[in-house]
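Only one chain is included here, represented as C-alpha cells and corresponding to the form predicted on its own.
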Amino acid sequence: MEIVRSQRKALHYDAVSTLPLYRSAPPLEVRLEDFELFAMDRLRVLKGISDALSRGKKPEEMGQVVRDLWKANMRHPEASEVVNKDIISHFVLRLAYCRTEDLRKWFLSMETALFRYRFRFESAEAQRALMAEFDLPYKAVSNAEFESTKDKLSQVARSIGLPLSTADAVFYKVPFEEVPELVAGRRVFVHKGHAYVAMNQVVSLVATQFRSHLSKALILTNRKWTSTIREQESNRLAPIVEALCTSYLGPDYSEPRELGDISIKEIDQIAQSSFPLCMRHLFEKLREDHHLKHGGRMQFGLFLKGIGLKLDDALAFWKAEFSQKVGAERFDKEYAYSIRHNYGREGKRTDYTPYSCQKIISSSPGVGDHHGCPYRHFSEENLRAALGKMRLNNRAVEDVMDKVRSRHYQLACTLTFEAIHGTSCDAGINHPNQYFTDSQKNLQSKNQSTVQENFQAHL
C-alpha cells in the first residue's frame, strides 16, 4: 500500500489538552488513503460550521453544532489515533487551502471558529495550559484580589450573563490596550491599567492568537507549495490536494434513485414541482430553443439520468427536442453518441455521475451557455424574475438575494427549497439530485397526509 513517508511512525501529544495548536507539521507516516479520507472528514466539519454560521445560528447553538459535527466525523477505530487524525487532517487541508486568497480566508475563518468552540469544551486546567502555550501576558485574578473587586466584577458579570456566584468563576488581568473592543463595549472592569476579563471572553483573545499564527502559517505553506511541493508531488499528492477544496462529500447519485424511474411523460410535471432552479432554467431553454450547448447538455442530461430517466427514454427525449431544430438524421450522427457515452455505453464505458452544486457553481458559462448556477451566474434582475416564476413571495426573494450577495449560493438554493415546500432543510442543498429527491419525498408525504385526512373526515 502506498505510503506518505516521514521520519517517525507515531505522534504523541502529551499536553493536558487534547486540542492541538498545529504549530508545526507532524513527523508522521501516513497511508495515502488516510491522507485523503482524514482531510475529507475534517472538511465535513468545516463545511458544517460554515453552513450553520451562514444560517445565522446563535453562539449557544453553534457549540452543539460543532460538538455533533466533530463526534460524527472525527472518530477513529483506534482511540490512540484520534489526535493524530485531528493533526493530519488539519495539515492536509492547510495544503489544500493555502493556494489562493479566497481559499485561505475561508479556511482561516472556519478553523478559527472550530478552535474557539473546542477551546470552550476544554476543562479550566486545559484552557490555562493552552493559554500558557501562546505565552499570553494574562494572569488569573487571585482569590484575595477577586474578593476586593467582587462588587465591580459582579456588575460586569451581570452585564455579560456570567453567573459570578459559581465557585469556578475565573477572571484574568489583561493590559487594557490588548482588549480595546471589550473596553469600548464596557464589558470589562478596568483598574490601574488592567482590564479584568471573564474567562468566556478570554476565549476570543486566545482564538485571535490562534488565527494570527495560522494566517502566517498559510502564507508560508503557500510559498512552499508553489516553490517545491507541487512539483515534487505532481503525480501523487498534488492531484488529491488540489481536488479537496472542490470535493463533493455526499452521495454521487450514480445509482438508480430510491423513488423509482421516471418516464418522458412525467418530465413536464416534475420540472414544475421538483426541479431546482438550475435545472428548471435548462429545461425551459431546451423547450424554447430546442437546443443546448455541450455544457448544458452535460449538466441537464446527467441530472435526468440521476433522477431515473433510462437511456432509451433519454435518447427519445433529446431527439424529440433537437429534431425540431437540427433534424433527426443530424441528431443521430452528432448528438446520440454523447448521450450513450454519459450512460457508459460508449467510449471508455464510464458511468458518469450527475454534477454536484460545487461543480456547477465553479463552472464558467460563456455567451449562449445556459448551464452553471443561477444564484451565482444570473444578474440580480434575472434571478429575481426566475424566483418570481417559482412563486416565492417578496420576503423569501429578499432572503435569497441576501445570501447571494454574501456568495452563499447553496444556502440561497436551500432557502428557495424551504420557501417552495414550506419545510426546513437543515442539511442544506448540496446537489441538484438531492433537491429533486427531497422535493419528491416532501410532496409524497403531503399527499399521504391529505389522503389520510380525507379518509378520517369520511369516517
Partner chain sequence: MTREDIENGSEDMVIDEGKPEGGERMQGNAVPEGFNANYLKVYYGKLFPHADMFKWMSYGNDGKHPACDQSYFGRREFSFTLDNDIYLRFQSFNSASELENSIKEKCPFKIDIGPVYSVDPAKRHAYAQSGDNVFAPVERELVFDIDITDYDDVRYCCSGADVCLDCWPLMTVAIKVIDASLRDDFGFNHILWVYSGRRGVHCWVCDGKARRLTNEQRASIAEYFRVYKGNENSHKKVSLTVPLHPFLGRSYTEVLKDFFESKLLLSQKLFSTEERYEKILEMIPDESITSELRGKWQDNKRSSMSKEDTNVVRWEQLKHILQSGKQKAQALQRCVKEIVFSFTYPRLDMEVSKHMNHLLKAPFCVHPKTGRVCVPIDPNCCEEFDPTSVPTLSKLLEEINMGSLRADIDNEWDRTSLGKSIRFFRSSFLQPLLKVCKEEIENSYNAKLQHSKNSLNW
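Keep in mind the model is a prediction, meaning the values are calculated, not measured. Positions refer to the first chain, counted from 1.
What follows is about the form predicted in complex with its partner chain, which we do not show.
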Can you tell me whether residue 312 touches its partner chain? I mean in the model of the complex, with a 4.5 angstroms heavy atom cut-off.
no
Residue 281 within 4.5 Å of its partner chain in the model of the complex, heavy atoms
yes
Proximity of residue 319 to its partner chain in the model of the complex, heavy atoms at 4.5 Å
no
Against its partner chain in the model of the complex, would residue 369 count as a contact residue? Criterion: heavy atoms within 4.5 Å.
yes
If the criterion is a non-hydrogen atom within 4.5 angstroms, does every one of 189, 294 and 382 touch its partner chain in the model of the complex?
yes
Counting only non-hydrogen atoms, which stretch in 230-238, 170-178, 139-147, 304-312 is within 4.5 Å of its partner chain in the model of the complex?
170-178
Note: exactly one of 287, 341, 75, 389 sits with a heavy atom within 4.5 Å of its partner chain in the model of the complex, namely 341
If you check 224, 213, 330, 359 against its partner chain in the model of the complex, which one has a heavy atom within 4.5 Å?
330
Using the form shown as baseline, tell whether residue 378 and residue 102 are closer or farther in Cα-Cα distance in the model of the complex, where the change reaches 3 Å or more.
farther
Just say closer or farther for the C-alpha distance from residue 102 to residue 432 in the model of the complex, relative to the shown form; it changes by 3 Å or more.
closer
